[in-house]
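Have a look below at one chain only, the form predicted alone, in C-alpha cells format.
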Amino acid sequence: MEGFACHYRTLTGGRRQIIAYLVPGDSYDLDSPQHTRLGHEMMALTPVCVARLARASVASVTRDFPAIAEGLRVAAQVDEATVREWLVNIGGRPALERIAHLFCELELRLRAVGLADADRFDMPITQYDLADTVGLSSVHVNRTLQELRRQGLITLSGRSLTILNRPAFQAMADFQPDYLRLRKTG
C-alpha cells in the first residue's frame, strides 16, 4: 500500500540478486501456500504499509467477483512479462540501456499509481541496489549514472529522479512499455 520493497536471492558467497521491485499497488504471493519456501526473500527498501489477506478471503473474492479474478490474472501476466524483460535487460543490454530501461519501467509503474509526475519520481533505490538489480558493480553503476546525467537524460537529486527527455530516454533504452499493460497517462 505504501513504500518500496524488493524480491531478492542471496547467492553463494553472500552476493545478492534483486529479481523484482514492489511498489504501492503491487500484490505479492496471493497464490502461494502460507508456509512454502518460495526460493527468494522479500525486504523493504523504505518503510512500508502492507495489507495481509487471508487465503480464504482471496478465494472467496475471486470466486464471487469475476472482474477481480480477471484483474489478478492480468497482474500475474504482467509479472511474468516483467521477468522476461528483466532477463533481456541483464542478458542483452549494455549498462546504459539496462539502467535506463529499469528507470523507464519504474517511472511508468509509479505514474500508474499517482506517485510520479512531470517525469519525476522518488527513487529510494541505492546504487548498491541498482548494481544488484542490473548485474553490474556499484562502480559501474555510478559511472553509468554519471553518463546519463552528462547526456542530459536524467537528474538525480537526493532520492528523486527526473527523466529530462522521455522520448530520447525511452528510445535509448529500447523501452517498449506494452508489457506493463498500463493505460496511457501522458
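All residue numbers are counted from 1 along the displayed sequence. Being a predicted model, the structure only gives us computed values, none of them experimental.
Another form, the form predicted in complex with the DNA, is not on view; read the next lines as being about it.
Work out which of the listed stretches, 49-57, 113-121, 133-141, 66-74, brings a heavy atom within 4.5 angstroms of the DNA in the predicted bound form.
Residues of 133-141 come within 4.5 Å of the partner.
By the heavy atom within 4.5 Å rule, which residue out of Q151, S27, T155, T126 makes contact with the DNA in the predicted bound form?
It is T126 that has a heavy atom within 4.5 Å of the partner.
Taking heavy atoms and a 4.5 Å cut-off, does G92 contact the DNA in the predicted bound form?
The answer is no: G92 has no heavy atom within 4.5 Å of the DNA.
How about Q146: is it within 4.5 Å of the DNA in the predicted bound form, going by heavy atoms?
So Q146 counts as contacting the DNA.
Across 43-67, which residues bring a heavy atom to within 4.5 Å of the DNA in the predicted bound form?
Read in sequence order, no residue approaches the DNA (within 4.5 Å, in the predicted bound form).
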